[in-house]
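Each of the two blocks below gives one form of the same protein chain as structure tokens; they are labelled structure 1 and structure 2.
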Structure 1
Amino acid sequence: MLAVILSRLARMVVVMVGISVITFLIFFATPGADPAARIAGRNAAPETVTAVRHDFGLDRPIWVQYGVMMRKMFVTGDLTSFVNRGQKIVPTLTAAAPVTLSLVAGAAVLWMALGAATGIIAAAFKDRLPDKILMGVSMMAVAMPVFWVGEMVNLVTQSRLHDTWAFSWVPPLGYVPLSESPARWFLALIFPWITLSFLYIGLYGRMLRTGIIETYQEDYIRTARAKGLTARRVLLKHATRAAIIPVVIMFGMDFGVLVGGAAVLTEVVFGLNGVGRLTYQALKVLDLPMIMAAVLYASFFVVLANAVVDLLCILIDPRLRRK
């Protein structure tokens, strides 16, 4: 097991270095990409562009620029924005990370719990009324765009029915740090959690149902039934355990991507200044250091989530240890 963990950590390091190099080359070394011209602005004089290139160290060899940026990002922490002069990238990203982590972690608990319950119940009542109802609702959840769901939630909870007893407790849009008030943190994130998880509950429920039904055709399931095991035991201990591995793999990908900034629509709709919103704002003005830091932050969580998922799959199914 220790060898597996060390192997995954080594792969993480290699992948992160590769992503950092590729991202840097795309923005700083691609033919036609001149960061100095972007910083200087449109119609800037050649002398101005040259001065900007010198001030930001963009006239140095490309490998030196890469090394300086990595050192400023990971060692000294004094990498600054090209657009907002004086704004340090690492503290800004660090301040936004807890917002996104709080949003995604809470939503992940909801979509895994409710998605698993949906899939198991639907598989247990295959082709009967509970199955049809759950799969119909799941299809609706998958079809509804996140931003539309969020806007409808805000319309009800922040506007139309905010003064009623049902939603008078809903706080204004925005984020409250957990350290400031756990109760207000929880209340502020209830509806963002529901909005972000809605799609994934339907998606994971449908995927798990399909996996359980396919697993029922396996020989070891027939053997378990022949031994006299109850239908509940066969469903929960044997069928679900095998069918949930693809769900866990997909969860790792989704969680890593969302923490990395893909929850931007939910953040914008609910006024949460997270990593996704920060990255979106950086892309609008082509703030290259911020974009570079955000890409590395996102790739770290994607790679980390996949490594954790690999280990979880080995724990769930010991047969994978031999591969």
Structure 2
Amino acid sequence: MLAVILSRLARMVVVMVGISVITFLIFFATPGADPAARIAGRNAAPETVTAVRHDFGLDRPIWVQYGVMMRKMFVTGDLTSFVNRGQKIVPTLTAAAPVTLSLVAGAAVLWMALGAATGIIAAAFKDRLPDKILMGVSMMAVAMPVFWVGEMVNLVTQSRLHDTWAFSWVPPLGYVPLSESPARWFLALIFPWITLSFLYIGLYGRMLRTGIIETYQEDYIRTARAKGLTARRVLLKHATRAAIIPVVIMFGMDFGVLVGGAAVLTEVVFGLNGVGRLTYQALKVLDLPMIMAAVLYASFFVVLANAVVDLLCILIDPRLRRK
């Protein structure tokens, strides 16, 4: 077990180093990425730009800058932004993390529950009306861009129907910390959760339905049915269990990448200042230290989630263990 954990940790380091080096190289290969003039301000004198470049160590060799940045991020922890000067990167990221975590965790519960329900019901009613309706809606969910759904939700709940009985309870956009008021935290996140999970309900529902239908044909299911087990029991216990593997794999990937900041559109549309928005803003202005921290943070979660998922899969289906 220890060996497994150690090798996983080694893989994590490899991925994180690789990704940070690539990010660093892309940044310096981009013309106009030099932040000195932006830091110095519009219409700054050339002397000022040069002084700023020196002050930020931007005139040093690129590998030295990489080393300094990694040291400041992991050892001294005093890495500061190129744009919001004086903003310490690490605390900013940790402050934004709970927002994203609340959003993604809640949405994950929702999409796993509804995705499972969709897939199981559709499989049970294969080729009949409920299946067709559910699959139609799930395709719609996949085809609708998140920002569009989010803006539409806001259009209805915050503008057009805000003053009616149906949506007058909807709080203003923005995040309320769980520690401040669990009830308001919940209310503020209801629509973001629904919006974010919509796409994944569609994706997972389809995946699960296909998986169940496929495993239905497998021998052990036939055996189970031959043994006289009821159809519902077979469906829930055996068929779903095997079919859930690809869904679990996808969940690991999606969860990791969303916690790492991929939920940016939902965050921006609903005014939740999480990791995604932080990353997006940093990218827009090419704020290298913030980009770097965000990318490393995201890759950490991606690798972690995948490791957990690999373990889970073996628990669910021992065939997945390498022989």
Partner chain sequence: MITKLTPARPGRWAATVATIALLAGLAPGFAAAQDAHRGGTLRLVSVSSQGTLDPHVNYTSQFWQLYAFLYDGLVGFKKVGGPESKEVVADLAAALPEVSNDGKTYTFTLRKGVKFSNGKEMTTDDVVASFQRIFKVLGPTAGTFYNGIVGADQCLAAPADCTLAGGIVADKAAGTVTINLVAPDPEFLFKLSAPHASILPAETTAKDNGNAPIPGTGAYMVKSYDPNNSMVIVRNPAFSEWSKDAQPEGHVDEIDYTFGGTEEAAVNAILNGQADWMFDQPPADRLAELSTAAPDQIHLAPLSAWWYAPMNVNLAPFNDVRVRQALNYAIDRDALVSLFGGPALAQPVCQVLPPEFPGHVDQCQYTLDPGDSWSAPDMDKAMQLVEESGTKGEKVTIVTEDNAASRGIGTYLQSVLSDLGYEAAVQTISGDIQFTYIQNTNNKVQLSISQWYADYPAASNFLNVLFGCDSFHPGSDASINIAGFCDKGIDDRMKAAIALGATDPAAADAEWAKIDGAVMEAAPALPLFTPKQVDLLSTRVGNYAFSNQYHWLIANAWVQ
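We call the rigid core the largest set of C-alpha positions that still match within 1.5 Å between the two forms. Since the model is a prediction, treat every value here as computed from it, not as a measurement. By convention here, residues take numbers in order along the sequence of structure 1, the first being 1.
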Which of the two shown is the form predicted alone: 1
Superposed on the rigid core, does the Cα of T23 end up 2 angstroms or more away between structures 1 and 2? yes
Rigid-core fit: what Cα movement does L58 have between structures 1 and 2, in Å to one decimal? 5.0
